[in-house]
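Just the one chain here, laid out as structure tokens, in the form predicted on its own.
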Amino acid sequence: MGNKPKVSNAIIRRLPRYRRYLGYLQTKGVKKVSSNELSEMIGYTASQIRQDLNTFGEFGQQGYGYEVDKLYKEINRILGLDREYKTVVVGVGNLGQAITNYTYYYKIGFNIMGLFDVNPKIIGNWINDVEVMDYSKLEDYVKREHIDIGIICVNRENAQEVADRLIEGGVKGIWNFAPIDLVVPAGVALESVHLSDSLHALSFMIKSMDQSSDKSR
């Protein structure tokens, strides 16, 4: 049997957006939606939407469109959101606490089991029923609790060491918020969120609009 074709990163990046809009339609009681209607909402072309979804199977019917509930569930399955993940957060400063609160209040299927830090002033505290533990216990805890995902919210100088310890503990994926490109082995998924990159892209867009405005004067 041949291997399944590799799904492009661009398609993977678009799937959560489809899911988000389908979730919105569910709250409005919408039962079906066409690719043209999705296009008007999301901004992608109807052809692009159909191509993306056809990568994973035939979910719609010509002349009818997509069943909103069914497509939402299928995208959940494709994204692996039909299960829950055990996670830990390393670095319980402002960002680490914000992420902990977000996952707790929005119940998005990424259950934070443990929090870790080196600061003795916060070790032993509890955030949303989760204890802040000493960083030295990280590896043993990850192994014992079979943690799936490690969330890194430390500075760039310590991020790679944290990643190495999480990997040694057996995590399957790392969500990295440190401003550094981590090195991980094959078999460990890595998603890095560089907040400054997003701000720099925004700066470019503003500059481009300003330049266009100047030319039109």
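What you see is a predicted model, and the numbers here were worked out from it, not measured in a lab. Between two forms, the rigid core is defined as the largest C-alpha subset superposing within 1.5 Å. For every residue, the number given is its place in the sequence shown, counted from 1.
Not pictured, yet referred to below: the form predicted together with a further copy of the same chain.
4.5 Å heavy atom contact, G29 to a further copy of the same chain in the predicted bound form: Output for G29 is no: heavy atoms all beyond 4.5 Å of a further copy of the same chain.
Contact flag, Y135 vs a further copy of the same chain in the predicted bound form, heavy atom cut 4.5 Å: Judged by the heavy-atom cut-off of 4.5 Å, Y135 is well away from a further copy of the same chain in the predicted bound form.
Partner proximity in the predicted bound form: E161 to a further copy of the same chain, non-hydrogen atom cutoff 4.5 Å: E161 lies outside the contact set for a further copy of the same chain.
Residue contact check: G173 to a further copy of the same chain in the predicted bound form, 4.5 Å heavy atom: Residue-level check for G173: yes, a contact with a further copy of the same chain.
Residues within stretch 161-200 having a non-hydrogen atom within 4.5 Å of a further copy of the same chain in the predicted bound form: Contacting residues: K172, G173, I174, W175, F177, P179, I180, D181, G187, V188, A189, L190, E191, V193, H194, L195, S196, D197, S198, L199, H200.
CA of K207, rigid core aligned, shift of 2 Å or more between this form and the one not shown: Yes: K207 shifts by at least 2 Å between this form and the one not shown.
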